[in-house]
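Next up, structure tokens for two forms of one chain, structure 1 and then structure 2.
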Structure 1
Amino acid sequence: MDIWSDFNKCSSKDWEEKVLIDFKDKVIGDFYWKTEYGKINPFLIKNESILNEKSQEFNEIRWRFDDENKLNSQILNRLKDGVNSIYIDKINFSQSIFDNVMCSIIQNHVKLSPKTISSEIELWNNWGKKEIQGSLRMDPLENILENFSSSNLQDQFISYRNFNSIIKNKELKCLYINGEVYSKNFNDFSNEIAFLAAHFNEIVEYHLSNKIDLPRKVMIQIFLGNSFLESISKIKAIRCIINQIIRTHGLKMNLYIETSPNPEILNQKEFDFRLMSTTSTVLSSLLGGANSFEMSNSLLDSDEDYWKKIMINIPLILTEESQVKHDMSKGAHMIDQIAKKMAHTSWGIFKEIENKNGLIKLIDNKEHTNYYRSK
């Protein structure tokens, strides 16, 4: 039985008329949400979906480790708390890192710096030959907005090419985009998404022009903020645009979006704020169709294991007990409308960047600052 069957259906026009009766001194445009990607009509009830989305599988709750101090015990404690994925961020290889860690039953992600030397890459390659699930990743354009240098960029691409030739396990290879840098440099979604897309396109074209095999999976790492509806829509818009670029190049690649709270938002905030903000971000990730959610020490103002366990409980409860899933956002007209407008505006900016010969040329010519908005 449909619990709504006893209620009369209302059209968008019906809702507008009802509101205007209550607010006699207003016009309907006063209720529109004005954003940098267009006006959002809260009364619109129609299918504004950017595409027929497939349901996305959320399967990773992970912790990022960027401190070598007692790293093995850190990993074992977080696995005990409930994470099923670990992320080793720019740490030199040591077999002791994985003592008593059952790597074959968890997801293992290792990020290498684009300045990593070949001998270090080889050590990770030898480790990755075992029964390892996850990814070995490197972004040759990482931090491209900070201290841009053509010579440094050339060195990073040389390291990236070595990385692709050394890593033999195809299951661990991925095309990785560190999109967190754009959250730090842009305060509007459209430019952030457009630059992230241009970043992805530069690396794809580097593979194609240098005849380097493209991996079958794309992993994009992004920060989310506290704007709940926009965070959900941001994930959907990124998926739409990246998949469009993949189709344009005629590639077969699976896209994975990895989310985490923006630590700058949590800076110097009380624990209650951090807890609520992280909860909102997990919900946005689940409803938006992210594939993994990442936590780290940066989310806390304490190094106590107890509070780390509390933080890990948030995605565990929402996924295991509350059963929040991506499908629940279907039919949410407001989210669909935001995602469509956000994607449309971002795509227009992306085409502008490509018409100026791509991201690297744009930054080399110092034209990227034209897209910045005041913080």
Structure 2
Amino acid sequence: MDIWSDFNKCSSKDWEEKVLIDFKDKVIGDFYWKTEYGKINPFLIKNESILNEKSQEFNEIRWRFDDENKLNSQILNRLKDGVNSIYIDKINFSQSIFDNVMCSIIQNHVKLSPKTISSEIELWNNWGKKEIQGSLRMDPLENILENFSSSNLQDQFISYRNFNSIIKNKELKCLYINGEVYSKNFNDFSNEIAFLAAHFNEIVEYHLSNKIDLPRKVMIQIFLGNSFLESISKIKAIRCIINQIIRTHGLKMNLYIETSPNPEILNQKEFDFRLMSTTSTVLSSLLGGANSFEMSNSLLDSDEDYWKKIMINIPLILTEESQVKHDMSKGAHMIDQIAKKMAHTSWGIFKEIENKNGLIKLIDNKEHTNYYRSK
């Protein structure tokens, strides 16, 4: 027998009527959340979801290394602290980096600068011939917003073409987008997501027009902020838009979304704020269905190993003690509504950019600044 049969079911309309009885001097719109991507109705009790996108599991707790100094011991220390994934950010290859590192049982990600010379790419290719998991990645449009120049861009694409021809291990190859730059430059979700999508599409177009094989993996790095529901929704909106682009091109690619806290919001903050903010972003990442969570020295105002360990404990606590699993928010009305509105608004901006022949052209014409909102 249904244990709730004593009570009548309600509609959103019944709910809104009750609100207006309780708040006689208000109209229902007064309670809506006004955002740049639309008004969010908190009284919806049905799913308003965008396409039900499948996502890969969350399985990486990662540390980013961007300092060559004592790199091997840094890596060993962070692995001992509990990360299962390392990210080597634009550091020249040296065999000693991996001394005593059991690369075969962890995730290894190496990002090369789009200015990397062929001989350096060769060294990483040789390293990547072993049976290891992870990625070798290069974003040919890196720094396009900050330092755009046609000749630089041409050089970056040459380096990218070399990278694609030299790296042989298909399992390590990926189409990589550094989306963090858009979190830094845009003060709103719609433009950030739209530019990230345009960035992705630009690289896909480059592969297709130059007949360079597209890898099966797409890896997108994004920053998350403290706005909890919006962070969850952002992950879902990005997944939806990127998959829509993949489908439109008729491609088969698996999307991986890699998240980390935006270091800018931690600037000048005390350690307790940093820990809370990081906890909030780990929770958003897990609930939103991200695939990895990345931390780095930039999240701390101390270089002490102790605080790095405390930081690494946060995703471990969330996954092990709290049992928060991948995409547990799936189906949540409020989040679906936010993600849908975010995605629709972003898609409109993305189409506008594509109508202007894409991101590179837009920046070349200096039209991208029209999309900046004041912070």
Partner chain sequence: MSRKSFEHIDFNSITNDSSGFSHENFVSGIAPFLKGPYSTMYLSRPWTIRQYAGFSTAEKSNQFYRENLKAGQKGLSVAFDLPTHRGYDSDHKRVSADVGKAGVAIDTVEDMKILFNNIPLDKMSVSMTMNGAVLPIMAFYIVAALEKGVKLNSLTGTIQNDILKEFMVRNTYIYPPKESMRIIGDIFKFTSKNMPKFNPISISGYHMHEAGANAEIELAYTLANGLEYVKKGIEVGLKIDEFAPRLSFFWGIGMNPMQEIAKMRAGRMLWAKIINKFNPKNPKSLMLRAHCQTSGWSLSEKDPYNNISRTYVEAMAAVLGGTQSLHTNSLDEAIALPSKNAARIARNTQLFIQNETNICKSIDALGGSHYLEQLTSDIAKKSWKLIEEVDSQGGMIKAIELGIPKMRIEQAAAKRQANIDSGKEIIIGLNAYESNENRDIDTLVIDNKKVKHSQIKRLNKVKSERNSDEVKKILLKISNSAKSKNGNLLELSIQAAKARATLGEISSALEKEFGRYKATVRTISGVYSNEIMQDQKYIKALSLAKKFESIVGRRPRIMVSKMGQDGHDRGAKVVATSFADIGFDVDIGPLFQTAKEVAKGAVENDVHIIGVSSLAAGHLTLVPELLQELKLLKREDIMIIIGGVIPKKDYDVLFKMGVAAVFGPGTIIAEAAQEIIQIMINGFTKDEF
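Only the largest set of C-alpha atoms that superpose within 1.5 Å between the two forms is called the rigid core. Quick caveat, the model's predicted, so the values are computed rather than measured. Numbers follow structure 1, counted from its first residue as 1.
As for origin, structure 1 is the form predicted on its own and structure 2 is not. Relative to the superposed core, residue 357 undergoes a Cα shift smaller than 2 Å between the two structures. On core superposition, residue 11 has its C-alpha offset by 2.5 angstrom between the two structures.
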